[in-house]
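The form predicted alone is given below as one chain in structure tokens.
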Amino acid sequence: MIFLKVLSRVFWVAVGCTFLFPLYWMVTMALKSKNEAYANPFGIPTSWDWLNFGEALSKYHFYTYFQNSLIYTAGTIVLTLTTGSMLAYCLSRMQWRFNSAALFYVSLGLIVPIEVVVIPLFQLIKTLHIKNSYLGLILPYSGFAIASCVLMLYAFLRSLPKELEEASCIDGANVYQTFFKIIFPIVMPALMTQCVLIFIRIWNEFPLAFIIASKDQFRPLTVGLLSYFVNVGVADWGLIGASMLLSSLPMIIVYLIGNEKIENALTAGAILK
């Protein structure tokens, strides 16, 4: 029994190491010189070479791609949370004829992957003349993110007592004042959780950005990184590691700050089931 327990722990530690190894490889490779990257590809660098970061920033259009990723991520978060919270409030707190049908329609968004609708979506964006624009990616990103946002807030809002709206109505507030002044501050923890989840998803998104943002000035970090790799090739792994680490750093920081909120959201979902 003890042997099986130890074996189980060893197995899970090994699984955990496989998840951490790409991060370890990326960090150590970013600190190696060009020659050491080939001589010692998996070991700890003998001397830390910080010049890779300066060279990556000068050759790799990091600031342009970073700005684009920030615009796409922030725009998607604002649009998704604003429309998603209002729709979730409407579905959970108001009684109207097609309430259940609308909720079912929204939930279908969880099972539709981007790859399935990429061709009709590309044609639609091209028809609307928003290809190679910030709006051309923010709108589909928000469309794919709104389903999980609405369903999570729907479950959260249904747990609130009806007396909140009744007291607000007695004080003379209309439905918009009730939502923005009473309900919105209460659901702020759920909104922050969605904010972290959307940030991680949009920051790492590649297929749609690769197709929609074909011009260099509108490319996010993920697509810009691919173009940079094509230009650099495999001649300088230290430079590649530094550019990968610079691109991943904002997402790692956001995850370290918001990982507790993500765990709480997953636990809440398990309880609801």
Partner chain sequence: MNKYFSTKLSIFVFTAPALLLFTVFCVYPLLPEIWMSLHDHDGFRNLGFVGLDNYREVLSTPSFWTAHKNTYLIVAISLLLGLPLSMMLSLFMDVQTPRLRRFFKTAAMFPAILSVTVVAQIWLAFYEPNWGLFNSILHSIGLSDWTHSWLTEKKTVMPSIGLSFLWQYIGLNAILFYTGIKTIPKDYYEAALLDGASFAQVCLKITIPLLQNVIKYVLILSTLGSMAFYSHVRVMTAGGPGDTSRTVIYQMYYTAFDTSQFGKGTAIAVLFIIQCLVISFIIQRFVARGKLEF
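Residue numbers count along the first chain shown, from 1. Note that this is a predicted model, so its numbers are computed, not measured. We call the rigid core the largest set of C-alpha positions that still match within 1.5 Å between the two forms.
Just so it is clear, the following notes concern the form predicted in complex with the partner chain, a form of the same protein that is not shown.
The partner chain in the predicted complex is approached by F206, whose closest heavy atom lies within 4.5 angstroms of it.
Using a 4.5 angstroms limit between non-hydrogen atoms, M26 touches the partner chain in the predicted complex.
Residue contact with the partner chain in the predicted complex: W96 places a heavy atom within 4.5 Å of it.
Contact annotation: K126 falls within 4.5 Å of the partner chain in the predicted complex, judged by heavy atom distances. Checked against the partner chain in the predicted complex, the candidates I71, C195, L121, L151 yield a single residue with a heavy atom inside 4.5 Å, and that residue is L121. Residues of 56-75 that come within 4.5 Å of the partner chain in the predicted complex, judged by any heavy atom, do not exist; none qualify. Relative to the superposed rigid core, L70 undergoes a CA displacement smaller than 2 Å between the shown form and the other one.
The Cα position of K32 differs by 2 Å or more between the shown form and the other one after fitting on the rigid core.
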